[in-house]
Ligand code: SAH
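This document starts with one chain, in the form predicted on its own, laid out as C-alpha cells.
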C-alpha cells in the first residue's frame, strides 16, 4: 500500500483510481480524514486559528442561549432528566457559558446530562479541559446518544461544516454536478473543478423553481445535512424536546457558489491547502428543514441579531456594564455589536427551531 505524505496526495490517488470526486467527498476528506483531516489534527478556533465563532466573540452569546434552554426545559415541565446535546461544540466554550448562566435555574443542572457530538481528537481534548467541572459523554454520531429521556439540542456553526454537493446549469439546459478532478498529467497534475452528468438520485435536490436558471448558474444541495437534521427531528418527536441551530446562510433556497476556505482568518483557494484550511458553505435553511414540519414544530429561519435581541442580550449587556470597568464594557459592547449588527453576524447568521408536537406540552420558544 502506498505511503502518502499529505492529504493532497491521498486525494489525487483516489481520483486517479476512481475518477473525479463530488465536492462533498472532497470536503469530507479535507475536514475529517483520520490522519490529515483539518478538524482531526488541530484546534482551528481563535486568533491563533483560522476563524472565530460567536461563543469566542462574547460570553453574552452563551448566556443568552443558556437562558433560552432553561426556559425551554421549564416549558417541557422541568423533567428530572434530559439530554443536553451540543452538536459541534468547538472548544466547549458555548456549553461552559450555558452551564454557568443556568446555575440559578433550580433543578436544571441536576437534570442535565451533558452530551457532545464531536469527531475531532484535538477539539475533544480542549472540551475536556473547558468542561472539567462537569460529567460529559462524547459521541461520534447520534446513534449512541441515549434515547430514554427528553432532549435539548444546540448547534452553532455545525451544519456549515457538513458536506454538500454542487451543481451547475449547462448551456444545453441540463444540470451537471461539479466535481474535483485532475488538471494535467503525471505527478505534477493539480486539482481543478470539472462537470459530470447529474445522477438520477440527485435530480430531486434541485428545487423546481430554480430549474429555469440561466446557464452557468450554480446550486448547492446538502443531502447529508438534511439527513442529520431529519434524524434529530425524529429523536425530538419520539423523546420530546427541542433543538436550536445557528449558522450562516440563507433563509430561502437560491443560486450561488458559497464554497469557501479559510486559513489564518483569510479566504484562500478551496482546492489549495488540503487539510490545512477550513472548508464550509452557506446553509440553505429552507432545504435543511424541508418536510420536517410533518414531524415537529419548525420555526425560522430568523436573523441571529433579531433573535438575540428578543432574548434580551442588550439588557444583559447594560447590566454587566454597571459592574465592570469602562475598558471591559467597551470590549463587551464591541463583541455585542459583532453578534447582532446587520453588517456583521446579525443578518448573515440565521436561527432555526424544532420542537416536539404530538402528545407533549406546547412549547413557545422565545425569539420566534
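Everything numeric here is computed off the predicted structure, so don't read it as measured data. Positions refer to the first chain, counted from 1.
Beyond what is shown, the protein has a form predicted in complex with ligand SAH; the following relates to that form.
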Tell me, which of 136, 72, 83, 123 has a heavy atom within 4.5 angstroms of ligand SAH in the predicted complex?
-> 123
Let me know the one among 97, 297, 157, 276 whose heavy atoms come within 4.5 Å of ligand SAH in the predicted complex, would you?
-> 157
Contact label in the predicted complex: residue 287 to ligand SAH, heavy atom within 4.5 Å = no
Using the partner position in the predicted complex, report whether residue 249 sits within 4.5 Å of ligand SAH, counting heavy atoms only.
-> no
Spell out, yes or no, whether the shortest heavy atom distance between residue 53 and ligand SAH in the predicted complex is within 4.5 Å.
-> yes
Would residue 222 show up as a contact with ligand SAH in the predicted complex if we use heavy atoms at 4.5 Å?
-> no
Looking at 186 to 194, 86 to 94, 287 to 295, 208 to 216, which one sits within 4.5 Å of ligand SAH in the predicted complex if you count heavy atoms only?
-> 86 to 94
Counting only non-hydrogen atoms and a 4.5 Å cut-off, give the residues of 158 to 174 close to ligand SAH in the predicted complex.
-> 158, 161, 162
